[in-house]
Ligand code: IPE
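The form predicted alone is given below as one chain in structure tokens.
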Amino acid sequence: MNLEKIINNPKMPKHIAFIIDGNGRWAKKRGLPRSLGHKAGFDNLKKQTEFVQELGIKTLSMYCFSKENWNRPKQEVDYLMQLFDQMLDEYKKDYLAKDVKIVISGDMEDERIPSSVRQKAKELMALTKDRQGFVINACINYGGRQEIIKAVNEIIDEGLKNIDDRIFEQHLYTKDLLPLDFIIRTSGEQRTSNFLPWQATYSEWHFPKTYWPSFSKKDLIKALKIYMKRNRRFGAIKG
């Protein structure tokens, strides 16, 4: 794996996203409880985050928990919240002394989220808000339609008129992030699942069949090579 050639490719995306899918099916295939699938997915997310940073990609977004995920069994949801609590502790330990910005996209005022998770998320965002290096955007309790409605209501409350894209984007969770270039959804499912619909308007998509806990560094490199072969025209015509 010639990482230097990949890293120096001018077509390398600056902002990529993972829709983390297949943890439960990965566990079921191995005769394991779903909780162990989520734990394996969490461990792989940490590895992939470090690798994305190593590749020189500026921003990583990750779909960790959607608004619709509250419909899952309470035991599973409670376990996921424990993992998020652990994830935030590890982010603080691993990244607080480094030039890493932590963004949490989603409704963190929702009282169904444990208070420790809400507090740790707000604290990390405040402590890292002025960082200019690598950005980790964790989408927790996130819904794309809900984000757009939130933005519209804020604009109405502010009495703004004749808004444009720039003004609208300043009311999104991702207002300070780079444009979203590339989205990878694991497990073979080919749905967007209410993930960053405004931000993904011109993003490239890739749907590997691999379940998330098995998604490797080689799989990411393969996905990036596919992305860099694409001709992104943004509605124009290129030679």
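Position 1 is the first residue in the sequence shown; the rest follow in order. Remember, it's a predicted structure, so these values are computed and weren't measured experimentally.
Below, we turn to the form predicted in complex with the ligand, even though it does not appear here.
For a residue to qualify, one of its non-hydrogen atoms must sit within 4.5 Å of the ligand in the model of the complex; none of Q53, Y91 and K101 qualifies. Looking at K217, you'd find every heavy atom of it more than 4.5 angstroms from the ligand in the model of the complex.
Although the partner is absent here, G24 sits close enough that one of its heavy atoms falls within 4.5 Å of the ligand in the model of the complex. The ligand is not shown here, and in the model of the complex it never comes within 4.5 Å of any heavy atom of R145. With a 4.5 Å cutoff on heavy atoms, Y173 does not count as touching the ligand in the model of the complex; it lies far away. The candidate stretches are 75-83, 119-127, 147-155, 160-168, and the one lying within 4.5 Å of the ligand in the model of the complex by heavy atoms is 75-83. With the partner omitted from this view, the residue of K46, K29, K209, R191 that lies near the ligand in the model of the complex is R191 [heavy atom within 4.5 Å]. Shown here without the ligand, the chain has Y63, C64, F65, S66, N69, R72, E76, L80 in 62-82 lying with a heavy atom within 4.5 Å of that partner in the model of the complex.
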